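Alright, two takes on the same chain below, each alone as structure tokens: structure 1 and structure 2.
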Structure 1
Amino acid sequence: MAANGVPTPKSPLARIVTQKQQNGISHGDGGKTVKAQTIDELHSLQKKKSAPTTPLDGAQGAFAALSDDERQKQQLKSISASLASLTRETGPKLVKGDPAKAQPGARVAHHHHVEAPTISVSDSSLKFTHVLYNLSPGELYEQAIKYEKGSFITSTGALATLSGAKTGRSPRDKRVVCDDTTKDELWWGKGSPNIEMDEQTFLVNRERAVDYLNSLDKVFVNDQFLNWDPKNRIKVRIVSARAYHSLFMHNMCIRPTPEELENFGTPDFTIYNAGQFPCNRFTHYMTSSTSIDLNLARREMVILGTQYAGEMKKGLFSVMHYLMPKRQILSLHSGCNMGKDGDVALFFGLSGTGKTTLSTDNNRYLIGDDEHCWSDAGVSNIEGGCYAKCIDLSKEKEPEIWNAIKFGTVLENVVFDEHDREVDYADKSVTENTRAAYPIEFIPNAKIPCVGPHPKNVILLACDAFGVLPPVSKLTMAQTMYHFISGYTALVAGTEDGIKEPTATFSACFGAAFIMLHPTKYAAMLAEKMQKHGATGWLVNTGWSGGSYGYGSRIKLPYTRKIIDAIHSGSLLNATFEKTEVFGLEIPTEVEGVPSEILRPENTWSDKKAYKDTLLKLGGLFKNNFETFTNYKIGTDNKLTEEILAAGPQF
């Protein structure tokens, strides 16, 4: 301070200068300006170039020696062959990359393409189709947000999108080509999900789909795998028009490494998803403007008139239900988890039975939530992701699914706040069938790779709204087959209108909509594998106790979890069992942590006559349903067939 009392101004602090390193890089804030003269040039510096990964035909050994141009040429040739028109004998002229980023004149100068057709020249031969190949989630987000109406990023980073007019599968519009092979192999007729079409009609629809895709400026192409068992995995190619569909399949199929893509080669199965474009309703076999067509001989699937992504997932599941049994591998519509000691459990159950909830267990590894194969090596997940219902989803009830809804996840048809983008999972304004599709590694305790040893327990789940099935029963082999073929649950129809009468639902093999062969063939394979590997069958009722819906109450989830824990640990095998009437089920007299009185259903009913009447009613529904399967022989002789029939309700 100066003598006159006026503060002396402080000298400015010396600037800290970081010395240049030997490589000439400065760490201070006084670096040189960038060389870019325009924003576009600056953006070009922002993105690091990455080498493309390309599937090749029979040139695996020479892959490293290929130039980038040759590698791209191989890839485009393969994709062009997939998109070849049947009448014009050649595929479209393809270039790689987003057409919005292409420079004028650059498309012809810098890209390879297949030769133009020499016959039946049309205007389609004058244009290029851009291929967006195996894009990353980030790239697909950009495509969806820019070009697809109804695509938004939610508060947790998930991509919310709309599937259009169809918000669920269209099973009545699904067709399978009936040819000389499939007419004898597949399950046709009463109860079957397989509705026939002929080869000619399939080709008409295929041409319509391919022509639509070729008319677009760009298409998305995914090359991926099905089945985590490396010996039995299937190579699939999905050609689609929407970024949403490409991201969905990126999540649901198994994602190849760059090295695996190098050797991908020709796909084993191809999907042409032209869902924005309708089929011609005047075409033979068509009943609406929607058609989902499978041709097992050509290994192709065509989608017209529906943008619901689940059609692709379940279509491929149907294909696996056909291909895997040919290799003596059982395909299963089930959840699967594994304990820390390597004990594997399969969970079968229709919608609302708790299959996803019970197979997702903090104390066990998740192998998969929906689709599996059981081979001589053990079990393997078919998929690379999970497709969870998210109506009424909450962090408290299902924290694993809640936390998996983040960047990379597709949210279908959900409602969210316009400003903060918080999703309202209770809102059914678009549909009740809201869904989340995410890679399986988004579940913290997922087992990667998704394979495990042979199952120790096979758990059949039923939500019995009639309230007469016990909370848990140990099944004989014949009973396991009977209940597996039946695929029972009971739902409450029309509760909003006050209707309290439960409705029985039967779906063969707990997935009749997707099976291709007769249910008894899958049942025979399941029996053979369970006997060979010593697996135990269990029937677990997650439904009502003390009366039917409207009178009794639903069995508490903590009790069901205690039952499942006792199955996993093996302690339930050592329990004392009693036999029930009508269904002849073996039920334990006690389970740790579960009130003993609820284990025997009649104990919980105050009206014993009502209990008996309801039990006989349900038994009759089982008998009526099973009549469809009584004329089929299971195994090499009729012995197992007779045992299975005897394992049903007796009265």
Structure 2
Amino acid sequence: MAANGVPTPKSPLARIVTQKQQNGISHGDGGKTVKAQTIDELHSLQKKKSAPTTPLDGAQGAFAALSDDERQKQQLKSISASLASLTRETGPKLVKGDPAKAQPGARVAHHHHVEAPTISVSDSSLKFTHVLYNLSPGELYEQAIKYEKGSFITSTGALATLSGAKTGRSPRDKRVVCDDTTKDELWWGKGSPNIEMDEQTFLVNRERAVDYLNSLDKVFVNDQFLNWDPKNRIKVRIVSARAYHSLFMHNMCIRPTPEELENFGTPDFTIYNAGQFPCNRFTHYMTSSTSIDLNLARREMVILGTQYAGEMKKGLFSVMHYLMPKRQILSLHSGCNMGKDGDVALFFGLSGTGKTTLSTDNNRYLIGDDEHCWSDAGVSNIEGGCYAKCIDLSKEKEPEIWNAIKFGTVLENVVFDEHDREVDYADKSVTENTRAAYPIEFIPNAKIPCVGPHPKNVILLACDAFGVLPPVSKLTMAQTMYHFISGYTALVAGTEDGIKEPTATFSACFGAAFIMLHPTKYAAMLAEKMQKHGATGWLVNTGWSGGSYGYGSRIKLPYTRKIIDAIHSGSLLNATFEKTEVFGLEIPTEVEGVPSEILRPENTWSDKKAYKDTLLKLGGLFKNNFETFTNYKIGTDNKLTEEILAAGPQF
């Protein structure tokens, strides 16, 4: 042994001196050697045990006052119960940790595993499933890169992934269990996103998903929260087969502290994401190989046949659209931010209209980009992360989002250089719907916790590819309700093969795909809250100006930002307004930093007749769409209902 405790080889090689020591500065390692005798020992030095969490005082939670070992066992029991087969009445045998790291033969002797009672013996009851429980981003990166094709680290450190055949949501494949309760409670039929399935069929799909997951060597389990309002927090468990899905939900849901995780107990809602595995078309109600099934009574969701991760985020949003209104809390498909003086703004809008882009504003605190609750206490974000569109993303126009694409961020379906891994955000080879999912704290001025006081401004965003809606208009309460229920936007589907007609989309409450109750229920709550708290409604067109798609161009983002600034500051309230024909919208004659001529759309059209025709055409589309709602009353206020009906286009 040498003096430093490192064993000396029998015939030591002379140390190679590469450089003379100069000025007393050593360029070698100074003779210091590691405290390991073997490579394995050296490797074991690299990772130290995660710091134990602080002991909890008394009966705080389900698992408080338990030993570490007991707590681990309880956790696995709870997960095994989640994954239980309903036909065999057993949960799988589980063991914690990566199967690749398990010592051969050490499985059964492993500390933290649960044996399930073997009621019916089949091969599945003989095997262990490894649980990768709330892994960190680093651990999930390693899992993704080792085991999931299409996973790469980009030049800025994000995890590039592929979502497979589906690169967007599949609303037509969503099913909701219709039982004695939901039959009366939910919105069914024309215009509703809720397509019924029965309990039995749900169980068939659930069994299919659970059997698939249990057949794997390992599954990922995320235990997390929804809703930053502590009184209305929901515990969710996501069981999935891919590190991509686990990291996506790690970023998008609220991340528990180690203490909160120890006391997690039983989840309020569970997702079984078996997206790699299709549903069976011979199953009743299945019209494709994709199925997203929601069972509110069982508090479960099953995903088969799609790996698009946004399905989980928006599936949970649907659940919140059911649970929150029961507590007199309004759930909102909106972005939300807050000024230095505590003035809160909501940004409603369909996909691609600017919720994420405009709520991310370096002059304001970001509360959230997509899903919120408005309770008697104010607003709260449902999520712990943002999900930004990346197509044509530029550092100059959207620096905060650009900079959020770093280590930890999931980048879906983008194209990058095979060598230097620079992402080409203009490339639509995989899809136009490229996305980045990052924890909200990746935005420098995020407000943590993500809650705020009652909103002062309610901004309805529409991307009007017809180019006839004004860039900004001030709305009366009745107009706000009319446009909220209408939920209009018009995007252009194929952007490349020549000029295409814009198609109008009407989606009630700017999120018909996610609402569970009749739209008028949410509208009545919004009216009541806006009236009570004195909020002002605005309609902002982030779409075309100077003509429809193909003739005009999209309103420049810096102009839209100036308009939004004027709404936030209150200065726009003091503008001079003029009323437009057909839609009867109040438009300001001036907005600081915006050329006045663009504020009145007809000024920007060279063909005035084409403008008028297009305006009337859009008015007609609004009228047709609203017919479904004319027989409904908004809240208890008959007067408001009549006003709303009169607040639409008149011609």
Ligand SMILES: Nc1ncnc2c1ncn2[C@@H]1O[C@H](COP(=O)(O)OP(=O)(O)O)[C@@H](O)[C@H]1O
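Between two forms, the rigid core is defined as the largest C-alpha subset superposing within 1.5 Å. When a residue number appears, read it as a position in the sequence of structure 1, where counting begins at 1. In this text, all values refer to a predicted model and were calculated from it rather than measured experimentally.
Of the two forms shown, structure 1 is the one predicted alone. Relative to the superposed rigid core, the position of the CA of R298 differs between structures 1 and 2 by less than 2 Å. The Cα position of T542 differs by 2 Å or more between structures 1 and 2 after fitting on the rigid core.
Relative to the superposed core, Y551 shifts its CA atom by 2 Å or more between structures 1 and 2.
On core superposition, T560 has its C-alpha offset by 2.8 angstrom between structures 1 and 2.
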